[in-house]
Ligand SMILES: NC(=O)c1ccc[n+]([C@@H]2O[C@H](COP(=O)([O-])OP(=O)(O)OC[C@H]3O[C@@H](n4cnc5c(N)ncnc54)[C@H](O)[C@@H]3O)[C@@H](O)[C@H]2O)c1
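The chain that follows stands alone, in the form predicted alone, written as structure tokens.
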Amino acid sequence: MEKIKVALIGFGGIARFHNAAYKTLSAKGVPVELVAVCDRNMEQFTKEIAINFGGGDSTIPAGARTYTDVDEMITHEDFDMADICLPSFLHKEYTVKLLSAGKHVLCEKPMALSYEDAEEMMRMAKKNDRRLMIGLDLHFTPEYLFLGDAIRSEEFGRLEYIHLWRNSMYPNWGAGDHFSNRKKSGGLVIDMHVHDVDIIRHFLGEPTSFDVLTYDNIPYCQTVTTLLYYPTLAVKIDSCWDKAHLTPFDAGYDAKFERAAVRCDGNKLTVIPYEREPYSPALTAVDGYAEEIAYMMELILEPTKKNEANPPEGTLATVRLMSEIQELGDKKAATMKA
């Protein structure tokens, strides 16, 4: 089978995990090859970078060419897909550019900083008949897939309540400290809170209403609590990226069903039935980044395959909801400060 050739756009912190994923997939025989890496700062090609949950693989594969200009790369490089790992405010610009050049695009989250920009990305994907998927790795993470299966199958009865959390120290690894500039990063709500809001939206659909409370310490480095209301349950989502320096990243959820509770703490999953002893389901440990990239390869190789795992139409709906959450949070924060 012919290999899908990939160009990695941006070689910052998250790109190192994508880089490692391509090596993992190649070793497993997945028909994918990272042929080029582009970053406007050539120092990135040799620089070590660690983010809130560690450092990925900083070694560019032998044979992969490096570029500091995307247009030059498009002109001189033969590749099928662009993997965009740029700061959030550049997602729309470069996704549109690469789609217009006839490339499939996997773009890191968030999809875009506005619903209008996300719509434009969707339009360009359809216009050029290219695949577009956003890097939301919870769609491919076993502990969250277990939750989705439990909700759909009602193995433990109906879901009655769920609390999700995601916490990090301040993301000071971003180029130019762009995370502290909401016009560039979207702030905590758009950049990190989006993971849990999106996966719940994927599992449960659109909420009937919501509420949100935000708090600023460093500008736009907030704590955020969102409540999503559904006809038969409420979902609570907490995020913070203002933890003390070097505080370990943590994320997880507590879900209450009619006949059991399910707790995820990092990659430790425990089911607590109401009438027998707790147990840990046997889950296959996987790399969420590798899984999402492998799925993207399937979509490219099978043009008629429907994207059911992480459809861009769903991500577009998430962008709309996140924008509404951000707007309400701003209004309430302004009222509190008045």
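A residue's number is simply how far along the shown sequence it sits, counting from 1. Small disclaimer: the values here were computed from a predicted structure and weren't measured.
FYI, the form predicted together with the ligand isn't displayed, but the following is about it.
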property	result
Interface segment, criterion being heavy atoms within 4.5 Å of the ligand in the predicted bound form, picked from 225-233, 150-158, 205-213, 80-88	80-88
Exercise: D39 in contact with the ligand in the predicted bound form, heavy atom 4.5 Å	yes
Contact test in the predicted bound form: R201 vs the ligand, heavy atoms, 4.5 Å	no
Residue contact check: G329 to the ligand in the predicted bound form, 4.5 Å heavy atom	no
Distance check, K92 to the ligand in the predicted bound form, heavy atom within 4.5 Å	no
Non-hydrogen atom within 4.5 angstroms of the ligand in the predicted bound form for each of F53, P110 and D191	yes
Of M169, V96, A175, A260, the one that lies within 4.5 Å of the ligand in the predicted bound form (heavy atoms)	A175
Residues in 142-156 with any heavy atom within 4.5 Å of the ligand in the predicted bound form	none
